[in-house]
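First structure 1, then structure 2: two forms of the same chain, each alone, as structure tokens.
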Structure 1
């Protein structure tokens, strides 16, 4: 240190632009023009599409009109179905958020503002494509029309919970819907999805896999291991990064957003990367469809960054007003995904405000009815839970002696204690 005539080094610690109480100004937000990004052939070499990792695929313009080569030209019934599924996710979230606040379960996570990233993606995939979700992709199950009651049973850990009350709420598993069991450890599903895709390719199957993580989890080692594997074996996998700007209270800068985009993670691995307006359901659909066609054509993996915004807190255990400006979500320049799709279908003349309001009432009623049915099987705190000795099941395929012994010990101890 001494004797060196050099200025001292300094450590850069990222800081978000807006904190609680700050007025939010997105005037300098570089709003990409809808329809401006070229749509490459599905077999395009990753090196030739680097710009796609830094641009942003957008289809819907400010008036709700579909623009440019990425317009997936969906049939009216598909558009309306996607709209309905997104509305249903929002209604479902609202219902269960309130149930948590009423003390009926321990935890809940909304995906408000991010509905398009799951719903539109699920619509662009085949039903038998395997999904490896993170914890905010309840939309995949909704889009695959999985029973709401079954999802709620999991959230309430009640008698109907097929997972026997072992997982935190929202950590669903639905093998029949090709929806993988959710882990609370982040990005672990990334190499698993790549492995599934590799297996499918090795067996000459036609199914592909898709995986989701948040932008914060791209810092995990598993993410990078997975990208290496995906690139090396040209795995038929779609690697989705949901950039919702916040990982609990850490803004995306702590995952590297100040230096580059998340789609650009693909560049270093020689993977096709697409950066997409995640609040534009048509852009999400088109990008997913492109990536799925690419994977099915043996052209390899695609990394899609869905640029979106987490309009609510991270979870019910979190208070976002403590670390970010309340104006951020309302001023988010890319708008709300449901409002934008609604504007689009109204502009097309296939929808109107009255039908939308009726649909909102209908999906709210559906969720209410499902909740009633689910709560009849119990909620977390009302004592109607799984048989207590079921906790020893499924550790191994067959219960070994030490678990049998411990199970018996628990039964004896409870009996002695009069429980």
Structure 2
């Protein structure tokens, strides 16, 4: 029966606060106090941690001092290594971005402003722990000291590319670094990471897994299937959500940010949830360490929302000036992760501006030298780098008869064509 006196239904369409040309004002941003969030015991039941999904773990205050129970109290050498790795990934991004603009590769994605979410996390994990990245976690490889030349070879799809040009640029794979192959399909890595963690537990191993996705990917079915299995089997896995405020060209509201936090996804599944300042390297390290200890202690999974900001475009195919204000990145209230860690180590007296400037020059030269070495093996300009026969390889352990026939047919046709 139609309710004649009822108001007509209306549909809510989320709208970002600032559009191109708008003045940006974050004055009403409720800045969480550094050190104010309690640090639960490792075995705390998820139901007792509900507030942690709505608060925000912060360690560094505005003066760069570490505050509160989440301070990981890292050794000076660890702090400086994290700082260098973050500077290195930013320098790496800058060189590959320019290479794409020069036509040397077809595609690239920077992680500017999000470096702490992978670098600090990698330092808090054991090297043997398995990482299931999305496409903006190149910092995991850099933190694990993977060769820059090998990474660049993959981006250029040259003859040194171990993946033989079969993956899009930046979709790395490094089994020896416990770095799972990146997939362009959103959130497929989530059930894979949970399954890997379940297998590790079933074998009685001690290794855990960690997985990353963007906040937009939490709308994918794979994300929710993974959380169901992780909760039911208490899989030893860390589920990272990088809330950088923007998906490809739609803001986080389309993934549900207007209604609640992304860490709150954990509440409905009975999983421990943490919301962390993703631009605070110490907070990221501490939360990851806590979640890793929880997983190793058989207390189950943890979902961590890293609240950060995508300072650059989604990729080299994207123009963020078409959908957001140019002032957002410079006015982001949580600052820049490298600048904040730099401020912290200077305040500790273990670093200074001169050494920082020298480090920036050193990592820039390191990336320049790696690029020169990689480009010697070819770039997009140079055409095909892999032999045609390779398209039939690496699918089966032993090539079946029908692929042998097709491979031979290809060779015959190319020979007849004089190629």
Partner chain sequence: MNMIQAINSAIDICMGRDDEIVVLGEDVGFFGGVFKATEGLQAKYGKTRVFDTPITECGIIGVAVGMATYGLRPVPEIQFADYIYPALDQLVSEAARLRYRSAGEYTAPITVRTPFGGGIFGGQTHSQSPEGIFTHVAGLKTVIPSNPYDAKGLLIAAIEDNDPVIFFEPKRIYNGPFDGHYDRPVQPWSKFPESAVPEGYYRVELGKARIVRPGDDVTILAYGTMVHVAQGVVADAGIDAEIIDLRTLVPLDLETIAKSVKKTGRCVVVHEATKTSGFGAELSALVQEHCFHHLEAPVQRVTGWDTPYPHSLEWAYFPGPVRLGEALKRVMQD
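Numbering follows the first chain given and starts at 1. Note that the rigid core is defined as the largest set of C-alphas that superpose within 1.5 Å between two forms. The structure displayed is predicted, hence computed values, not measured ones.
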Do you think the form predicted together with the partner chain is shown as structure 1, or as structure 2?
-> 1
Residue 398: with the rigid core matched between structures 1 and 2, does its Cα shift 2 Å or more?
-> yes
Once you line up the core, how about residue 24: does its CA shift reach 2 Å between structures 1 and 2?
-> no
Keeping the rigid core fixed, work out how far the Cα of residue 411 travels between structures 1 and 2, to one decimal in Å.
-> 2.6
